[in-house]
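Only one chain is shown below, in structure tokens, and it's the form predicted alone.
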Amino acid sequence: MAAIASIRMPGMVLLALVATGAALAAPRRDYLITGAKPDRLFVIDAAARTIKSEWSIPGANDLVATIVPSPDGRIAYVLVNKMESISGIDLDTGREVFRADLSTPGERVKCMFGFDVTPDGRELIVYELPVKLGLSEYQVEDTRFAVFDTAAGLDARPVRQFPAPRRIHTVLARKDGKSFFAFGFDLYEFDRVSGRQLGERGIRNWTYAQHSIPDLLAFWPASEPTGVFSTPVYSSVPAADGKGEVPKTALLTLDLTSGKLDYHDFEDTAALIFSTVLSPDRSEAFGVYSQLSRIDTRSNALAKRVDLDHTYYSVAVSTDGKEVYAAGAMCDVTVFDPVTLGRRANLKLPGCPDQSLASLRVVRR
């Protein structure tokens, strides 16, 4: 033991070990990721109420839309360039580490919001709408899924493609990594490797008793921190007196682990809600547009609603459930108390850029 005790470490080695130990001991914290026109990507320290980083996305071409973080929270994959490119930005350095330009000289390809990264972080699954460009005409081609290797660098090309239904707007990878879900008129599930369709369940073609054909706008793919995706759904039911119909708002939830799909009405439609998110214990959901709403998912009832000073498109909740965040539409991110829905803080993005449809995501690192 004396011999071991007498060993001396070089100063640089000792400092490196101390630094490594400090890094390992540093508590993890929530960061908010949002984007804004023309090419901005922001990393916000939620607890400090500060913008940690502001990055420029190459070739964004005045569009920053769907944002999908890698499973380790280190890379943000962002739909840019008039929905024709996906750029992967390292959130620590701002460097572009991945690029998939979907279009080619002979084919224009759009991604209408729907893509996701697999749970192992190795692949992107992208919904594509291709059009063949002729000399005097455009020819609409069949929609498809394209799968990209996230390690492919700045000139990524699909490693495989397979047919897809039309009208898909949200793609969500299942947590076991073996399959993925695609929202359109209905909910589809596909095998990740072969592209074989595994299932189809009703959304527009649902069997919710006495309800009309529903409508939804599920452009915001956040499922953190629960691993359950949720979105408002609108329909109508016959009035109790048999005269006319009553509009209803339901909460749709899809568990990305079990695959369980549920619908529950929570109010006669009184306010428009664009996006929703579940609290960590799944006992509540929060929805946003011109009002911020809190929904009790145990009783399936609206618990509280407050008016906002302007519209927000995207809502998120902290990993511990102690804060609610709203963003999108304009140039600020606002922090709310989850119980009172009172405003705690408001962060203006530098230069007041338009977030528009950019996703608000929470990563914990």
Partner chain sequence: MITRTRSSLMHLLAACIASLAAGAPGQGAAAAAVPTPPGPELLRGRCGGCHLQSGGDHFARISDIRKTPEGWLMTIVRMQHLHQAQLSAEERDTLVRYLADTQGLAPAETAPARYALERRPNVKDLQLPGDLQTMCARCHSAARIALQRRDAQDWLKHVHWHLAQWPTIEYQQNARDRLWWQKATTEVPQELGKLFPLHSQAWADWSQRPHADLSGTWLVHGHEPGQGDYWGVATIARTGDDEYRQTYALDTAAGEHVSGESKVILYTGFEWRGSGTRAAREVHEVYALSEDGGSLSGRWFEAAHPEIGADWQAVRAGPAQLLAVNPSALRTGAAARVIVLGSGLDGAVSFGPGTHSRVLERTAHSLSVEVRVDAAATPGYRQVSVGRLSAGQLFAVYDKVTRLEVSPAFAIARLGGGRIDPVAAQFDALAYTDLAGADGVTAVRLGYLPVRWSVQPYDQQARAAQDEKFAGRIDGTGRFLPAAAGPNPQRKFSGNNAGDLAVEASLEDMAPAVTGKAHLIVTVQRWNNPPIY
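Numbering follows the first chain given and starts at 1. What you see is a predicted model; the values in this text were computed from it and never measured.
One more form of this protein should be noted, the form predicted together with its partner chain, which is absent from this view; the next part is about it.
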| property | result |
| --- | --- |
| Its partner chain contact in the model of the complex: residue 127, any heavy atom under 4.5 Å | yes |
| is_contact(residue 136, its partner chain) in the model of the complex, heavy atom dist at most 4.5 Å | yes |
| Heavy atom of residue 168 within 4.5 Å of its partner chain in the model of the complex | yes |
| In the model of the complex, residue 160 touching its partner chain (heavy atom, 4.5 Å) | no |
| Contact segment among 214 to 222, 149 to 157, 285 to 293, 94 to 102, judged by heavy atoms lying within 4.5 Å of its partner chain in the model of the complex | 214 to 222 |
| Triplet 189, 251 and 264 all within 4.5 Å of its partner chain in the model of the complex via a heavy atom | no |
| Contact residue in the model of the complex, from 271, 198, 112, 237 (heavy atom within 4.5 Å of its partner chain) | 112 |
| Contact residue in the model of the complex, chosen from 74, 108, 122, 144 - any heavy atom within 4.5 Å of its partner chain | 108 |
| Its partner chain in the model of the complex - contacting residues of 350 to 365, heavy atom within 4.5 Å | none |
